[in-house]
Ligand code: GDP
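For reference, the chain that follows is the form predicted on its own, supplied as C-alpha cells.
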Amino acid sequence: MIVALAGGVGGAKLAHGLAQCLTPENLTVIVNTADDFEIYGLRVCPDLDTVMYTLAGIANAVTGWGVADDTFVALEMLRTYGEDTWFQIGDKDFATDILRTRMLAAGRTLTEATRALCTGLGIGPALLPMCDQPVATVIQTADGELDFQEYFVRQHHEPTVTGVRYRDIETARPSEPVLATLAEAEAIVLCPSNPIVSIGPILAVPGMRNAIITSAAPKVAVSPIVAGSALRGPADRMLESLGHEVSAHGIAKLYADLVQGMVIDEADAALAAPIRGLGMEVLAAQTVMRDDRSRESLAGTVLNFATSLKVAAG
C-alpha cells in the first residue's frame, strides 16, 4: 500500500501519476480539508474535489481545478439574483457539492460521503479526507485575518502572509481509515503541494505526525519549489514572507524530522549536498508534470526511490 499526502493541483497530478503506476487497491491518497468552506449553503471541498476529479480523468486541464467542459448556468442565475459570485462553481461541480452537503446533513461522515462520490465517478484508489471534523486555514495579514478562500480566490492570493493558523485543529483527529492505512503503508509520499497550506494542515491534525513518524514505511517528499519558484500558486511568496528559505533545501528543512528522502528537480541538483546534510537521501529528477506521461514518469521515479530507501534501511 502506497500512501500519498496531497492538496492542490500539484498534489493531484502526482496522485494521478501514482494511480497510473499502481493497482487501485495499492494506493490511498490522504487529502487536505482545511480549505473547505460553505457557500450558497453548500459544503465545498476544493482540494478533495481537485484530487477526485483528477483521478477520475475529468479535471479541467487548463485550470487544474473544476470539471472539464463545465457550464456555469447556475452561477449566472445566482448573479441575476444579485449574488456576489466571486467563487466560481460550475454546474457539474454544484452537483458534487449538493450531494456532499445532503449526505453530511443526513449524518454521514466526510470520509463516507467522499467514498460515495468516488464510487459514483468510478475511482479505484481510496481517497481519504485528513479528518472528518471541520478545520479551516486562516491567513494572517497586516490588515487582519482572512479565511483561506477569501485570500486565495477572492483576493487572488495577493496579500502578504504574516502567519497561518488552522482553526479548530485541536478538536480534529485522523479517522480510523487514515490511521489504518498509515499503519499498513509500504511507502508514504508527500506530494509537491504547498507545505504551509496543503501538507501543513494534514500534519497538524493531532496524532497524524506521530502516525507517520512511527510508520515503518520509507517516507519521501517531492519539492514543490523548482529553481527558487513555485510552479503555480503562492507557495514561494508565502514561504518568503514567513521567513523560510524559498528553495528545495528550504522545503527539506520543513520536512527534516519526517522523511528519509527528498526528490528535487534537476534544476536544483546543486542543492543535493546541503539537503543530504540534513540527514536525507536526495534524488534529482525531472519533476515538472506537463502531461499524463510525465506524471506517470515522476511517480515511477518516486516509487523506485522509496524502494531503494527501504532496501537501504533493511
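The first residue of the shown sequence is 1; numbering continues from there. Because the structure is predicted, anything quoted here is derived from the model rather than measured.
This next part talks about the form predicted in complex with the named molecule, which is not shown.
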*Indicate whether the named molecule has at least one heavy atom within 4.5 Å of a heavy atom of residue 223 in the model of the complex.*
yes
*With the cut-off set at 4.5 Å between non-hydrogen atoms, does residue 231 touch the named molecule in the model of the complex?*
yes
*asked:* Is residue 198 part of the interface with the named molecule in the model of the complex - any heavy atom within 4.5 Å?
replied: yes
_Contact test in the model of the complex: residue 287 vs the named molecule, heavy atoms, 4.5 Å_ = yes
*Partner-facing stretch of 68 to 76, 122 to 130, 209 to 217, 188 to 196, counted where any non-hydrogen atom is within 4.5 angstroms of the named molecule in the model of the complex*: 188 to 196
_Residues of stretch 145 to 159 in contact with the named molecule in the model of the complex (4.5 Å, non-hydrogen atom)_ = 152
